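Presented below, as structure tokens, is a lone chain in the form predicted alone.
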């Protein structure tokens, strides 16, 4: 006997997987992982065969996870799984979409081809795309579904006594800022960013008044936190009353959170695409609707 469809969870993302399974009214089964002392992974899928497996795993800190995904997918296929859907709310390796220096690996293209070999459908949220604007162009051989968490940001934005001013720290963030501002009838502005290294960023605000405004910074990913910190410092110098930050994905590399708070950002809100104490909204219902 086999299960027609179930959600399969990995250890570090089990809470989000269980929320997704509950939203879909499906069973949630665990994938067991063991890492040997030399770093190799041992994967064990559920003993009951699954016709349609929904793998729920966010691909932050991705390198081990990609190997484990390959092992999991191959094992499921061997045990009779016909269809594999990967729910990866945070999708890795989307940043490098061109050869910036001779010999650069175009990781978006390479990892995209790898994922297309492992699963039938990929569902993700606010992928970090630049010059390639649609996920189906980044991973052309795979059926992809791209969702946006911007529809869930409303409760955080309504916590202010007065409507906040939304601020995008760079041109790449404009797509999210504009969508949220139009949905909630809010003012917004877009800054300009000059990056000279992974952690060296300069932000220039647009020509408009920030005096006595509650500013909410909007971005898709918080990684080192330097971009949002630079934008917050400029907003405070321009007279902002408060600065908060709202993003879909909170990666928080090393001292990112402390660095942002030291720059004057009072609150940081993220989705549960990556487990963190800043998580304020769950993606389960959004993803479940796409799967249904």
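All figures in this text were calculated on a predicted structure; none of them were measured in a lab. Residue numbers count along the first chain shown, from 1.
Form predicted in complex with ribose-5-phosphate: not shown, discussed below.
- Across the options 218 to 226, 179 to 187, 115 to 123, 205 to 213, residues that bring heavy atoms within 4.5 Å of ribose-5-phosphate in the predicted bound form belong to 218 to 226.
- Taking 195, 83, 79, 143 one by one, only a single residue has any non-hydrogen atom within 4.5 Å of ribose-5-phosphate in the predicted bound form, and it is 195.
- None of 95, 137, 109, 160 but one reaches within 4.5 angstroms of ribose-5-phosphate in the predicted bound form through a heavy atom, and that residue is 95.
- For the stretch 116 to 138, the set of residues having any non-hydrogen atom within 4.5 angstroms of ribose-5-phosphate in the predicted bound form comprises only 128.
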